[in-house]
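Consider the single chain below, provided in structure tokens and representing the form predicted alone.
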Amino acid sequence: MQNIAQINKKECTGCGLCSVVCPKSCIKMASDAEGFLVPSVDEALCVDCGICLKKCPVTEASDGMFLPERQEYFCGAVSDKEKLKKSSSGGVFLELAEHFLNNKGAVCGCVYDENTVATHRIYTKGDSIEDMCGSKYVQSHSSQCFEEIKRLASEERPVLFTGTACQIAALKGFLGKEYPSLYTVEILCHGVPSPGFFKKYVEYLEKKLHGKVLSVQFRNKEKKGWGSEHRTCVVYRDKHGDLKKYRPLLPAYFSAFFYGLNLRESCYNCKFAKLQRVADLTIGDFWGYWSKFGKTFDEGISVIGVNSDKGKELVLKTEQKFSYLTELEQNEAIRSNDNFEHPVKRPKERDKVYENINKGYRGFWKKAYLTKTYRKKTVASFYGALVPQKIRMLRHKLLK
């Protein structure tokens, strides 16, 4: 047997590449017991060609996908306040995306579909690029876009693909060569919960709210600005058809993600969480900025890793859109976001989460995993996020 079934579940990222490169179409992505997508092989159709294994990003195939180490690091925030409010941190992605759309290009990123399932779609001029804004803390489907991206790139049309590092590695594996018009931007990844887990969360919300959930906006900035880690905003349509918003006080789903309790097994051993990257640009939150600058960024600021000449080109082409953009030393960038260098540590309570979530989401907050320690951490983190940034910055100076 020479097929993807040999890959250990703790290594598989669920990228779906094997299913799109199989010449016999004998590999399908199916949900496992925890709700994660994993490859399922029809052995009757498999001819043991081994293509799925050769292309798989968690095998040696990914080694050639890493870019040469020539990183530069920046931090920045865009000038447009509305874009900042709609973004998870400094608004970098929105400016990059608009640059491509305004130059007859296409952008592939994560959106919610009509059933609130996180999936990648390709947008062109006229589409609402804001659908791709904000963090969707759940694993998305992206491999269905690979063929169209290849077509666009082959026509030398500018294409921007944004996703996690493993999704970008999968795209590179599918393409098999460099396309000058394709640019990749990875989001510094904490890890991904399962689509099955997220579905149960949405179903719980719909039952509670007696309506149809349209989107779940994590770390929403409308009320308290950037840094409000536990500020989730659920946009839904009630039974009368009216559009409404619900803001849960301490959402268990996000808290589980925040502490790495509901992530995919491969996320705890991520081979892409290292200084050498696979994408042209790496973007994420720039935490602890006040220790460097002595000023606040109430609407957010991003750390930016430039990993290639293409990445530097994107920064230069959009730098006029930033109100603030400055270069960082490598150690400053790493301190600002530790996912630059290593994956999340696997908590011992992780197994209990998926044992209990399969019994239903209701009561998950109290029964599934949250020991007194996690409850105290969550409450402290929530109320700590309510403290104005200026006070936190002053406290940091006094304790220095």
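Since this is a predicted model, take the numbers as computed values, not measurements. The first residue of the sequence shown is number 1, and the count goes up from there.
Although not depicted, the form predicted in complex with a small molecule is the subject of the following passage.
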item	value
Stretch from 236-244, 206-214, 136-144, 270-278 whose residues place a heavy atom within 4.5 Å of the small molecule in the predicted complex	136-144
Position in contact with the small molecule when the complex is considered in the predicted complex, options 132, 315, 182, 101, heavy atoms within 4.5 Å	132
Sole residue of 260, 284, 105, 195 within 4.5 Å of the small molecule in the predicted complex, by heavy atom	284
Residue contact check: residue 109 to the small molecule in the predicted complex, 4.5 Å heavy atom	yes
The small molecule contact in the predicted complex: residue 88, any heavy atom under 4.5 Å	yes
Residue 255 within 4.5 Å of the small molecule in the predicted complex, heavy atoms	no
Heavy atom of residue 92 within 4.5 Å of the small molecule in the predicted complex	yes
